[in-house]
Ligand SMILES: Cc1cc2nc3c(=O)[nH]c(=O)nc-3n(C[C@H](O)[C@H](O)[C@H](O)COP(=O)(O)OP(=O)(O)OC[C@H]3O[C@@H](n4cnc5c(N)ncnc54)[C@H](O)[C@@H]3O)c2cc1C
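Below you will find one chain, with nothing else, as structure tokens; this is the form predicted alone, and questions on how it binds or moves follow later.
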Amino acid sequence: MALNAAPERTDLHSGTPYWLVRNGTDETYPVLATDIETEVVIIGGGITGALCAYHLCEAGLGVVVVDSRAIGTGSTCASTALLQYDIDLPLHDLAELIGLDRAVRSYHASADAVRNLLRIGERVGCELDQRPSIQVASKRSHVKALRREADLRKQHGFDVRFIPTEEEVRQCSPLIGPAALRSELGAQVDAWRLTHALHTRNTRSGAQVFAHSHVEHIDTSDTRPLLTTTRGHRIRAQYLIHAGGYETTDLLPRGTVALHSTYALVSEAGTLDQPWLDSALIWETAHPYLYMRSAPEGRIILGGRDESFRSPPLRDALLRKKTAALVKEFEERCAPLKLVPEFAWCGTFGETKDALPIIDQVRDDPRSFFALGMGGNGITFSLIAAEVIRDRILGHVHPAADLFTLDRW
């Protein structure tokens, strides 16, 4: 059956997201104040919606983006923005779950997405910092699986290196462990800045972006989707893209996505006299995992301590405790570094059973699509979604389109 519901606005984060403080919130977009028609309407103006709009504008399509908030102040501003092709499930585990061919293709699609993001960032004037990614074995018992992962990735064309000893890990990572896996392809970005750089480019190409314009109702009973905002204004389009992230999960079949709470902080300036080797993106094999990256002014971005999401108040009530726990764990495992948090926040994210995104048309509605990046690869998955949906609208078949459909479970 066609989908005739609109996503509810959700409390996606709290605390003080670093990117909002660093960039300010002076980017202004109009409120939708009239009825409008377009070829494609996108619900969600964060990084996912911005990437979808970019690819559609580049293809010459008319685009309207509508968001219930100020643009980029949902999950986008709470992202720590480690751009890794490494999926939350290791390649060997993903292969056991979905088959080796599909797992390898998923990893290659994610790697291509990182490369494409690097090119797009340069094109729109918000260059990404290319960085290697280092996954550290959390325990000695994890070393065998990490070595197996390195071997499997090498067999399938990925540029990785297994680091076999703790002494060698210490030379390249602040997080210490008995072994590690280094991937050469990765990047980091200010997701808020990239989102607005994309929208600037998109509006110059004819896209229209509206903030504080909540879609209250969606009618897909006609041949063209009709959206109505809380102010009563209508958007008629040929195609609809749901790019609202975790606010969209209520529109999915029950059990498709599990929601989690995550916690992050940014240290005071000057925490690092100099970055660790290659300013690598750091994470570990434990689940949930600790992750970190360097940031301007000698800062460290640190995140983790995830747990199952229950409600925004319960998530938020743990922020102080989780921040203290992150600092303690960092100082214990990254000695002799000391860390004083200056900004801390928490947010909600979704995860599928196979750690892969949902990129598909809405069931029985060939004109509506889900563009939902999930887990720790939200931005790279969003880039894949933008490409897949663009190709679907243009009548082409993207080589990764079959990997992320709703019927894969």
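This is a predicted model, so every value here is computed, not measured. Each residue number is its position in the shown sequence, starting from 1.
This protein has a second form, the form predicted in complex with the ligand, left out of what is shown; the following refers to that one.
- Looking at residue 360, you'd find every heavy atom of it more than 4.5 angstroms from the ligand in the model of the complex.
- In the model of the complex, the ligand lies within 4.5 Å of some heavy atom of residue 377.
- The ligand is not shown here, but in the model of the complex it comes within 4.5 Å of a heavy atom of residue 69.
- Although the partner is absent here, residue 345 is a contact residue: one of its heavy atoms lies within 4.5 angstroms of the ligand in the model of the complex.
- The partner is absent here, but in the model of the complex a heavy atom of 262, alone among 202, 262, 110, 267, sits within 4.5 Å of the ligand.
- Only one of 245, 121, 174, 225 lies close to the ligand in the model of the complex, with a heavy atom inside 4.5 Å, and it is 245.
- Considering the ligand in the model of the complex, the lone stretch of 245 to 253, 269 to 277, 320 to 328, 153 to 161 in range is 245 to 253 [heavy atom distance within 4.5 Å].
- Within 4.5 angstroms of the ligand in the model of the complex, the stretch 62 to 81 places a non-hydrogen atom from each of 66, 67, 68, 69, 74, 75, 76, 78, 79, 80, 81, taken in sequence order.
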